[in-house]
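For reference, the chain that follows is the form predicted alone, supplied as structure tokens.
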């Protein structure tokens, strides 16, 4: 069995430094006991006692054929760790890249650094507390996690949500979609080396978050949706902030998009990079803007209508290129459509209650239900099984970022190392939902 399969992991960069230091000349038996050859360069000897340094090679025998193939180096190849603390991996995502020079040969995404067992926590909570537990998963757009959960619970109980509450859900959800896409645009530019767009993105996001804070009482994890409606009606501060923002929303969106669309460096680094064709996107189960950028006009708001979306007039933007630039442009188009939806909600919202009449302790009849909504990253779904108690017997979350991230091994090979940031960032992953 190769020596590196049982060896503690040590970084190649530190390995060279340690190998260059003068050591006392030990006997042959002592040297073999204290050192081993590096997996990246067998000519470099590493100390076994150093446990705080890491190599990309797992310290155990390969468990699958795929793992054995990936962790075998050919001539001129090397491994490179990107993450889990790299700012361009959008959370604690670790990418082990196999490189030949500057070209990516293969990639192994490593997950699990953020795992908290949220689904099992929800199975030990009552239906009201589940809404609070799912908030941190999509922490930049938490209302959509709540929306998927309450849709599932309302199907279990045959709850009729008041129309005003449905309009408020759509209004707040579309505002948060704009905030999420705006932040995506800024982080995408930041990952490619541009600082100014992220500053504009946070200015825009902060305006929307302050609105939602006036409505919900929180700035990030809103905990606003409820089974049967929402937690409180629209108030004066929210409407005042929203009216002021709406007067300049479209102009701000075009200004921020122009900052990137007219930047030659940004466009050339994105165009033709990480192309995801239509067949591959469907095979991997990709949803959201990443799927629509590959030419598939699938959006739950139209394909499987829910809430009051059937009453609203908006388009489903698509593009055919399937590259990183198309995935960015789709988000810009969706921001324009969301502004139209917000405007319609303000003009069409009826009066009435914002909560259905429900008991304080919810005990749905035994059964199962699936609830899903169109989040900023794609289809967010919740599958719930009830056994008649006051908490779900089984609770499973379908997160779009996880499926979108599965395409990375198909998109990165053949590109350059510098393209890794553009491709991964264009998929807009959020690690909270991926690891859950």
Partner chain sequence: MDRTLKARLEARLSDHLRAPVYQRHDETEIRIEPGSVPEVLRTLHDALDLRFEILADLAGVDTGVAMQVVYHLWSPMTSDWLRVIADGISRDDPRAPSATFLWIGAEWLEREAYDMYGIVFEGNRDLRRIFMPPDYTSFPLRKDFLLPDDAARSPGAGVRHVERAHVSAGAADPAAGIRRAPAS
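This one's a predicted model, so the numbers in the text were calculated from it and none came from an experiment. Residue numbers count along the first chain shown, from 1.
Although it is not shown, the form predicted in complex with the partner chain is what the next lines describe.
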4.5 Å heavy atom contact with the partner chain in the predicted complex for all of 251, 313 and 412: no
Stretch in contact, per heavy atom within 4.5 angstroms of the partner chain in the predicted complex, of 321 to 329, 230 to 238, 123 to 131, 163 to 171: 123 to 131
Residue among 339, 156, 362, 345 with a heavy atom within 4.5 Å of the partner chain in the predicted complex: 156
Interface membership of residue 308, the partner chain in the predicted complex, 4.5 Å heavy atom rule: no
Proximity of residue 112 to the partner chain in the predicted complex, heavy atoms at 4.5 Å: yes
Contact test in the predicted complex: residue 255 vs the partner chain, heavy atoms, 4.5 Å: no
Contact of residue 119 with the partner chain in the predicted complex (heavy atom, 4.5 Å): yes
Any residue of 364 to 384 that, in the predicted complex, places a heavy atom within 4.5 Å of the partner chain: 365, 368, 369, 370, 372, 379, 383
